[in-house]
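Here's a solo chain for you in structure tokens, the form predicted alone.
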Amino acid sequence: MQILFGKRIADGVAVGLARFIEPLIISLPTHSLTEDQVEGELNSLDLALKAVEQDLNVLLEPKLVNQNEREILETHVQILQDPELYGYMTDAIKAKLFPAAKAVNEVFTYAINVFENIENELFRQRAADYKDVRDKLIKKILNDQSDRFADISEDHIPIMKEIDPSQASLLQRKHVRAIIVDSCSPTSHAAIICRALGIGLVSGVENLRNVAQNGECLIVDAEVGKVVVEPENEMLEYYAQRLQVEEMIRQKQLSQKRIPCQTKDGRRILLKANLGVSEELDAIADLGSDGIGLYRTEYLFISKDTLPDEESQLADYRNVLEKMAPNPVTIRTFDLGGDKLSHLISSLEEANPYLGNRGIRFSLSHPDLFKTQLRAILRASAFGKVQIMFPMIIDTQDFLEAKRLYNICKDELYAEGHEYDPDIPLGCMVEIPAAAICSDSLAKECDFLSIGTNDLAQYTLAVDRNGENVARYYIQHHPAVLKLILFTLSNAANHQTPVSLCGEMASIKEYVPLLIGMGITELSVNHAAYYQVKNIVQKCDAKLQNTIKLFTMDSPLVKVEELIYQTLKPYYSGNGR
């Protein structure tokens, strides 16, 4: 028995047989065409493009794929239909006399390299989609019928160099419960799919290829990034029992799905989910939550190769609203800029993009783009209950300017005869200290507030939350951050304005009792943490509120940590109360 460790990408536990999947190796033609062969290669390219698109359209049948996979397949169809890529490929055939397969490889590999060199991690992951389409096209041109996954079954644990989105979906249909890869980013499309579909994914397990062989028994504990090769009977029994317990927990969670989320003393807590990419929607809809408290719409840019127009946005929003009905969906308008500046929009380079033209500032500086989104949301409101939330607000001036454009859109749609909800609640994110300090006036103007603790901690503490060198300073429970949350709650209460908390704090079990005790009555969490958070809320009681009230946020950090990790531990530990 040998125990190895890698990087945790998507949680899951599995016991199965090692199955090494070697990278796709295709022998590309190296010869140059003669002039009389050009027309035939152009025809081969056209036939391959049509054939791959037909294959994708067959898979797009509602009975064959869920909404998670549909978005990926539609993105691949868009790549196939890209006129710019097509022009480059035909030029390579006609001008360079490349065979069709070689032309496809050259053009797509260039596009892949462009994406892989983009500094932003989210956009860099788009390379995987281009690799996927490239390989499909080349195989079709060369009439390669090989299938590396033909003999994979639910008893196998595939071990691969890397994984693309369509492979993750394929392996899920084969009921694979865990995958090991040499490298994979947590933000990649494939990683997101694995998390949404409940497939364990571990990356970068050192020395695995020298230790394990095909057919050997493996245990994958992706929650800690552990891989056990040829485990002893005692460990096999432990994980067999663990899988049984997890199944029992899952069944218990399902039985509690429709039970309201409330504390021990009967206080109702609205528990919603955060939606970041479409792959999560089916899992969220199945939770039985009180709705979606944060719908991050940036993925509509990140996953597309053209700017999303009003109709395409309308289709996305309508799909989410109808799936979540009758519960509400809080749509956050595009939080573009900073670390999430779309490759589809040109902009000036900024020395410090985190403090630059991002969030609502970006939307207000691109009014046509902003109005397109607002019109799409308004039209979608005819199909479900929606709220609109503006990011990066610092004061009422920001909010009122956004509201002015919203009202212009309402008037336009009314004149055009479109149906929409005329009373959509409008709110803002409290994620900048200025917004928290101005929360009294914001609470007066807004229909609701939502505290985004990720950025609130980052800006309050002047710490890049993605920076490894300063990670020790990124403390979400720092007294300064907690005081801003309390200040916002107090001001909102004076105007009877609802407040939710949708930042990462809401999904961290140690923080849940603290937030409930501070007076939060609405949480929006990552869907994977939903049932755990719900269970903790049900343990909270009146005694907890009194404990928090007796505690002063002026205490030093060490006292805050003593409160969280010692006094409040019974509320979030497995011991219960």
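What you see is a predicted model; the values in this text were computed from it and never measured. The numbering used is simple: start at 1 and walk along the sequence shown.
Just so it is clear, the following notes concern the form predicted together with a small molecule, a form of the same protein that is not shown.
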{"item": "In the predicted bound form, the residue from 454, 78, 185, 253 that sits within 4.5 Å of the small molecule by heavy atoms", "value": "454"}
{"item": "Heavy atom within 4.5 Å of the small molecule in the predicted bound form - the one residue of 140, 477, 131, 332 that qualifies", "value": "332"}
{"item": "In the predicted bound form, residue 386 touching the small molecule (heavy atom, 4.5 Å)", "value": "no"}
{"item": "The small molecule contact in the predicted bound form: residue 177, any heavy atom under 4.5 Å", "value": "no"}
{"item": "4.5 Å heavy atom contact, residue 279 to the small molecule in the predicted bound form", "value": "no"}
{"item": "Touches the small molecule in the predicted bound form: residue 503 (any heavy atom, 4.5 Å)", "value": "yes"}
{"item": "Options 168-176, 288-296, 140-148, 86-94; stretch whose heavy atom lies within 4.5 Å of the small molecule in the predicted bound form", "value": "288-296"}
